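Before any questions on how it binds or moves, here is one chain, the form predicted on its own, in structure tokens.
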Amino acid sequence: MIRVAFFDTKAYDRPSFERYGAEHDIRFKFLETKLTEDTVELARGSEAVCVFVNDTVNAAVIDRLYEYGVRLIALRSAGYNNVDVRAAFGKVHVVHVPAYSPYAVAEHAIALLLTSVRRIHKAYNRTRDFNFSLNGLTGFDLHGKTMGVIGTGKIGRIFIDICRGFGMKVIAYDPFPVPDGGIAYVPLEELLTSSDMISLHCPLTDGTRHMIDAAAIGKMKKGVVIVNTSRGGLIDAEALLEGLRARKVGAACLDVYEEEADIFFEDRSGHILDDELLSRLISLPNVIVTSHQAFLTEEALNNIAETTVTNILSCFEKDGLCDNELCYRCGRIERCKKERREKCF
């Protein structure tokens, strides 16, 4: 039996993981607390830990996990910017779920966009008060507009297909273009200056952190709509707020936020929100914020559990090979092991 400490557990996590765990002799210890330097002690006695996007997996946590005999960090997410992969090398293997339901995230991005530009959220609130006035609800057609997509991985490409279905012109930027993908790639600056709407679908790295900052916003069209369902750190939230206040940014649709770790996924309705910046963003009528829920579909939850369990089993088998391992050995974190076809350490 493989024992796994499962941090930051939510009610929607348990059914799929309990089912797949029971089928493969994996015992999950479900913990509501997030993994931090203060809670890492709870992993003692486990061979692996299962973590999510807001768990803290820094060098200090990794050293403690290694000391306790934990040999695997299994992310139940695609993103891994919260894990110090370099510190883990040679001590603890790290795996992730590279694709659980790209349709879920792409569809949520479109849902946010449609809600914003057609003022659906405002109409919903009005009609609940039996206010059926149309004043102030004028939107605009997506058809014929230019959508700029930053990042053309699986989610980005599905999002592009959906936009084309609306009759939109799509341009894209990605430092690693998809060959023969039929995508109109342009330099980032051209995308910023030419797009009516911009949607982010790229990972958070040192190179992409705050790629949407004051300078980038200054290059955009007046009234641009910005959609982010990837990682909050891609956008400088202070610069975004200033762009909204200056009427340079017409609307923002955010499923992620840079400082979300201690806020999202929790019910804080009975508390005063300490994050003044987020409070100010939410208070604006042209900002929609959802709490990192783009992934949250039945299909995605099932795929996350199935892939995570497969990752765990693969790592504890005799050869220990797992296609979804994140390895720092050669610097190509997601590709290294797939190309060498051997254990990283």
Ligand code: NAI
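In this text, all values refer to a predicted model and were calculated from it rather than measured experimentally. The numbering used is simple: start at 1 and walk along the sequence shown.
Another form, the form predicted in complex with the named molecule, is not on view; read the next lines as being about it.
S.K.: Just one stretch in 215-223, 116-124, 237-245, 147-155 has heavy atoms within 4.5 Å of the named molecule in the predicted bound form, so which one is it?
M.R.: After filtering at 4.5 Å, what remains is 147-155.
S.K.: Name the residue from Ala74, Val92, Ile110, Ala78 that puts a heavy atom within 4.5 Å of the named molecule in the predicted bound form.
M.R.: It is Ala78.
S.K.: So, Met211 and the named molecule: in the predicted bound form, are they within 4.5 Å at any heavy atom pair?
M.R.: Within the cut-off, so yes.
S.K.: Contact with the named molecule in the predicted bound form for Ala294, defined as at least one heavy atom pair within 4.5 Å: yes or no?
M.R.: The answer is yes: Ala294 has a heavy atom within 4.5 Å of the named molecule.
S.K.: With heavy atoms only and a cut-off of 4.5 Å, decide whether Phe176 touches the named molecule in the predicted bound form.
M.R.: The answer is yes: Phe176 has a heavy atom within 4.5 Å of the named molecule.
S.K.: Mark Ser230 yes when one of its heavy atoms lies within 4.5 Å of a heavy atom of the named molecule in the predicted bound form, and no otherwise.
M.R.: Looking in the predicted bound form, residue contacts with the named molecule include Ser230, since a heavy atom lies within 4.5 Å.
S.K.: Along 248-272, which positions have a non-hydrogen atom within 4.5 Å of the named molecule in the predicted bound form?
M.R.: Sequence-ordered list: Asp255, Val256.
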